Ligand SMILES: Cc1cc2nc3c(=O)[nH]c(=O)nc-3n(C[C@H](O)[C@H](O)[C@H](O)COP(=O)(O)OP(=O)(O)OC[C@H]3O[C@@H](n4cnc5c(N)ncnc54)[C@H](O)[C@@H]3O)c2cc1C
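Here you get one chain, nothing else, as structure tokens; it is the form predicted alone.
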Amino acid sequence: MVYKQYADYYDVVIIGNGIAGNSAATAIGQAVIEKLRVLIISEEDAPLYSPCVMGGYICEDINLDKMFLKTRTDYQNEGIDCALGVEINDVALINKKMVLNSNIVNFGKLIFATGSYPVLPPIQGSQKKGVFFLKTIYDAVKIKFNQARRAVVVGSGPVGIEVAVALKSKGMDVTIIEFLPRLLPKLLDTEAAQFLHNSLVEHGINILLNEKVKSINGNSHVTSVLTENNEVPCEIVVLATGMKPRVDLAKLCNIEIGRLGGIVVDKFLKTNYDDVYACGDCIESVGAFSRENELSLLWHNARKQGEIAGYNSIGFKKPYVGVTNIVAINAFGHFLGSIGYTASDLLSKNRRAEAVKITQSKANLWLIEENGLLV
């Protein structure tokens, strides 16, 4: 969906077509009576879709069209110009110009919503055929139609758990390999992680904890994964080893990057350049409760940040209160939610923390109470 001709001028240009960029565009459209010209640019040639349901698509619970949150005509109906499947050739922030397909585009305000990219761990053989990430809709399609019988998932964050459950639901033999001593180590304390562990094992998923992957074996195609203590035969490997903010373009524009690797923003999500804002996975911003800068590459944070950045880019003064960690996991009908920080994280920061267990039906919800506040 590439527009061959661009307008000479846009009031706001948004780089990124994920939930953050689209939330910014929607906020701009709803906030003003007068019509503003808005352009969304993305390297990915697809309308907005939800990465949160890719596991359901892989295991055939939902069809591909159910993943999309917009059609291509929705952008036109909202009055948003799009350049999808397009790379930005050059950006000059001071002159407020950029080059797209040899076309010069002038802009008033710019919003970075460039998202994140998968972390590639230093594992020998990670470039072999049969090794995948699960980040984009194209990744989901490739994994879904792979004919493997045995799968290894490296990493047990939300993406790792989601894809492991999906592949097992497709009938594959699945092994999760986690370097740390429990599943979802950044989101769950020991007892909650054990609940999830037991649920996955009950449904036939093999779990190896405290294991470091040494290599992915095979000639041109994967045949096994070698750890320090085991060799696991497989035909497909999914690397779910985390995400990093995508800030390469921001760096070229001399946008300030913080110690965590994300774009630095103030409470109005403005960067170190006037009229340039940032939102979503590409930023680091203050935690709602920690009051320290954090990376929180989660859908709900990106949606709210996009909305705030959109409003502020057109003159509103709406502060962003900060990121919150909220994750829900469905493991074969057992639902587990994580809100806030683990007790170990809080204790490591010399804060009083108490884990409160709430069990209802087949759900475990773990809340961290800090200074009387549920976070």
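Residue numbers here begin at 1 and follow the sequence given. Bear in mind the structure is a predicted one, so any value in this text is a computation, not a measurement.
Absent from the display: the form predicted in complex with the ligand. The rest refers to it.
Contact with the ligand in the model of the complex, defined as a heavy atom within 4.5 Å, is made by none of A27, I94 and L269. Of the candidate stretches 336 to 344, 310 to 318, 65 to 73, 50 to 58, only 50 to 58 has residues whose heavy atoms lie within 4.5 Å of the ligand in the model of the complex. In the model of the complex, at least one heavy atom of E87 sits within 4.5 Å of the ligand. When the ligand is considered in the model of the complex, W299 lines it closely, a heavy atom lying within 4.5 Å.
Although the partner is absent here, M243 is a contact residue: one of its heavy atoms lies within 4.5 angstroms of the ligand in the model of the complex.
Proximity of V159 to the ligand in the model of the complex: non-hydrogen atoms within 4.5 Å are present. Proximity to the ligand in the model of the complex, defined as a heavy atom within 4.5 Å, singles out one entry of K128, K186, K135, K144, which is K135. Residues of 111 to 150 that come within 4.5 Å of the ligand in the model of the complex, judged by any heavy atom, are A113, T114, G115, S116, L134, K135 in sequence order.
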